[in-house]
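Quick heads-up: it's one chain on its own, the form predicted on its own, in structure tokens.
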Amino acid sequence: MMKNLRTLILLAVVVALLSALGGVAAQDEPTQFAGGWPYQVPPDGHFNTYASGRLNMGIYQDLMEPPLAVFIWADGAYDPMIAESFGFTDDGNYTVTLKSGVTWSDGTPVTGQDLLTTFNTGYMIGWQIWNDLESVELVDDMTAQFNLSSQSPLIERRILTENLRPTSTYGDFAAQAGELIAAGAASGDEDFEALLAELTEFRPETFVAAGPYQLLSENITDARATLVKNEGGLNSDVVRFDEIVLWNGETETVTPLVSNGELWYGTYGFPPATEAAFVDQGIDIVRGPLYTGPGLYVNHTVYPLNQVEVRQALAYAINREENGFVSLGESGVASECMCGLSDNLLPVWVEDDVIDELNFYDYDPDLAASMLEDLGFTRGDDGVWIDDQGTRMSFELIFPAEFADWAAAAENATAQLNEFGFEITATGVQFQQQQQDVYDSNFEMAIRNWGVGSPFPRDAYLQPYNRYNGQGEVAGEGVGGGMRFDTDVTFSGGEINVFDAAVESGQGTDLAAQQALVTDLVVSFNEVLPAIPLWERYGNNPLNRNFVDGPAGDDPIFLNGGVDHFMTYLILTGGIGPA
């Protein structure tokens, strides 16, 4: 009897121990967020975030190299991240004080010196802030002053949304860059070019992070990268995930991962049928505006596409609602204002009475035909339009083959225009080559973006008037002149150089003056149509709430766009966590 009792007691102890051990194991299991981003694996992808080919994690870079602040679009104000405080000074400059007690993943403390390192090194690769920035100097251990040549909300944005870099990695480059800045050295100077070459060829062995997560070489594979906790990093005690898993690949690669529950949130452009399948599985779809979308660009050296009335007729001949829906379902929302600016931003910058007078170019193929006839165009026996010089309206439309939503937009626009009487051939081109073809003016018609994820109209208008009109995304790319649009424009409000007006609309602190310039940009674009917006892209981002606990889909945070992405902000601030 005693033996049996001892056996029972022993069994009870063993069960208790196993239960306890099981509880410990469950507690030790790390909580994960499973997202995705296409990245280059080492050695092609590297850890120098100032050089091309870097191992770029897109929006998730903020989790390792946190920005100074994030702009909350619904509030119109900045929420500090690694910055403690910031603002313009009475003498026309700008100061930033960093939060104390934050540690880089290599054990060094975050200090004001990192601000100098970040921006001085950025001078070497031509950061735009240096058009208005004369120097950066330390005020105290945690504070730096940005000595400006002018003030504007755009300058503030360029300072605050920049990602902080470590002095332990880039300090030597920053020190030499500071000497070059003080000496007035610039691109083309021998010492400048030598340091730039050294910087772009630099390959750090490790990635040093100040955010709540860090990326270690051993956690990077072809399939996925795992960010692990940086215990001394910003908000490391606030974030609710122990690890961030990022699957590698584009839409086609990640679609089955979303379906089988391995990827819980993604920022890809899923086709409508795929999105519907996700919804049938009970996966939520988050739809925030991206403040940009595909547009139909034309080469303004090609006759008669360089005629305003022809571009207006093109706009009337395309059913934009159909084009958006077949391309991206409910997330392809037809552009209304047709002004090169997001419909969501328009009321912020332009008065209602001006908006009411805009031409919305509602689908009207009969009006489009009448406009062409007024130009002396006729239809041939096969129904194809012939211009006033006797030439068939036959053009090639190029689009980036890998972008599923833009490809669908191109193919649908082609079908609609051909039904109307044009002879358009849609050609898919490898996405990097297609972009360069537009930069090089090697196209007749093309699908490229209008607008951009920024709260400032200046950035939206510099897409058609600068990036696709000879500049390229960075200086020197657009060697062929882009769409070759004459930026001296005559419209109902008079004469305007739209490039100059776009630049000026982001300068100074006089909001009324900026709004007046934006109004002219809106109205002139609407009348002249240098490019034809098709639809605005809203996110169709799957969010699997079986694994992730976060705000409801109508939360104002989902209005955030561009570099102020809502998901990384929610992760950084603990607004999202395990279900």
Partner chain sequence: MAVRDLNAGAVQPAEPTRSAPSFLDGVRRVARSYTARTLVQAVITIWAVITFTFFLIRLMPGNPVDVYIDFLMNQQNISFEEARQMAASQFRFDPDANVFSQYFDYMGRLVQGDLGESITSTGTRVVDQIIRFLPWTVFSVGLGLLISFVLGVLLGTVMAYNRNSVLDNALSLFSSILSAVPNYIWGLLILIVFGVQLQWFSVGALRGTYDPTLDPGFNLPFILSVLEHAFLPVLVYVVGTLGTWMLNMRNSTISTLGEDYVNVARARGLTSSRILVAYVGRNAALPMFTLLAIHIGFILGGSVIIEELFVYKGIGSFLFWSISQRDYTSMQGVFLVITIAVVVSNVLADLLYSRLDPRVRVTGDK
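So that the term is clear: the rigid core is the largest set of C-alpha atoms that superpose within 1.5 Å between two forms. As the structure is a computational prediction, the values presented were derived from the model and not from experiment. Numbering follows the first chain given and starts at 1.
There is another form of this protein, the form predicted together with its partner chain, and it is not shown here; the text below is about that form.
The closest heavy atom approach of Pro365 to its partner chain in the predicted bound form falls outside 4.5 Å.
Contact check for Thr31: every heavy atom lies farther than 4.5 Å from its partner chain in the predicted bound form. Mapping the unseen interface onto this chain, Tyr439 counts among the residues with a heavy atom inside 4.5 Å of its partner chain in the predicted bound form. Put simply, Val528 is far from its partner chain in the predicted bound form: not one heavy atom of it is within 4.5 Å. Taking Glu179, Asp222, Asp141, Asp374 one by one, only a single residue has any non-hydrogen atom within 4.5 Å of its partner chain in the predicted bound form, and it is Asp222. A single residue from the set Asn93, Gln113, Gln433, Ser236 has any heavy atom within 4.5 angstroms of its partner chain in the predicted bound form; that residue is Gln433. The candidate spot formed by Ser52, Trp127 and Arg203 lies fully in contact with its partner chain in the predicted bound form, as each residue has a heavy atom within 4.5 Å of it. Looking at 550-558, 533-541, 506-514, 55-63, the stretch with residues near its partner chain in the predicted bound form, meaning non-hydrogen atoms within 4.5 angstroms, turns out to be 55-63. Residues are counted as partner-facing when one of their heavy atoms sits within 4.5 Å of its partner chain in the predicted bound form; in 557-572 these are Gly562, Val563, in sequence order. Once you line up the core between the shown form and the other one, the Cα of Asn449 ends up 2 Å or more from where it was. Remark: with the core as the superposition reference, the CA shift of Glu402 between the shown form and the other one reaches 2 Å or more.
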